[in-house]
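In structure tokens, the next block holds one chain alone, the form predicted alone.
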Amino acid sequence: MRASDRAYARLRDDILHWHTPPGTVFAEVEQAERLKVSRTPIREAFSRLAAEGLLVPLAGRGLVVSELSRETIIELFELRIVLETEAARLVAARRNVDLFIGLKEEFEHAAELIDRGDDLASYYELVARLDAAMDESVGSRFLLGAIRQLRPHLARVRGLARDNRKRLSDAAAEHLTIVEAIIDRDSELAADATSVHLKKSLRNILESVDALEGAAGGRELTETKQGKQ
């Protein structure tokens, strides 16, 4: 792996997992020393992160990790709902049924993964495989490109949500409804079920954000998350 790829992967992981929260300044010299690479691969990594919107320029401070306020989260989900409901509609019309029959069987037992308590990683991996099946089946390069552009920001948002097992169980049932609609080629149900799922997910995330800010005495989301690390 090239030095620039390693630097990009490490810096991106730091941002997505809140090791470097919004507002953190990224300086070439500092990051090059930390990652033990030259400034050229760091510069290339910064460029890729800026293209994804994870780093933004700030006058007099170079590049900083982009903000993730309550308002930004709402805006991200407004776009996500538009894109993913249309994707679900297209997938239901174009899907390879074999991809989704196996997923249906797994989602029928997803509550068991969640109830075990120590195996949430298996549940999240199942959701990731559903995303991959949707990507493979959507048949629209530009729609898929737009969805993938959102994903790094949504990964950061998920870092704010609590592992609410009731919500996870409900989400598993919502995913099952989406998968069943896709298998049945019911495009409208697939789209509607996706919209309902995402709106409930947003509500859960905002409740987590409000709880974090409330516990921190009203400090900004960035400060609150930093204090939680």
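We number the residues from 1 along the sequence you see. Everything quoted here is computed from the prediction, not taken from an experiment.
There is also a form predicted in complex with the DNA; it is not shown, and the following applies to it.
Peer 1: Residue 27: heavy atom within 4.5 Å of the DNA in the predicted complex?
Peer 2: Residue 27: contacts the DNA in the predicted complex.
Peer 1: Does residue 69 reach the DNA in the predicted complex if we count a contact as any heavy atom within 4.5 Å?
Peer 2: No, residue 69 is distant from the partner.
Peer 1: Look up in the predicted complex whether residue 62 has a non-hydrogen atom within 4.5 angstroms of the DNA, and give yes or no.
Peer 2: Yes, residue 62 is a contact residue.
Peer 1: Look up in the predicted complex whether residue 37 has a non-hydrogen atom within 4.5 angstroms of the DNA, and give yes or no.
Peer 2: Flag for residue 37 set to yes.
Peer 1: Specify the contacting stretch among 186 to 194, 200 to 208, 39 to 47, 167 to 175, defined as having any heavy atom within 4.5 Å of the DNA in the predicted complex.
Peer 2: Every other range fails; the passing one is 39 to 47.
Peer 1: Can you tell me which residues in 1 to 20 come within 4.5 angstroms of the DNA in the predicted complex, by heavy atoms?
Peer 2: Residues within 4.5 Å: 2, 3, 4.
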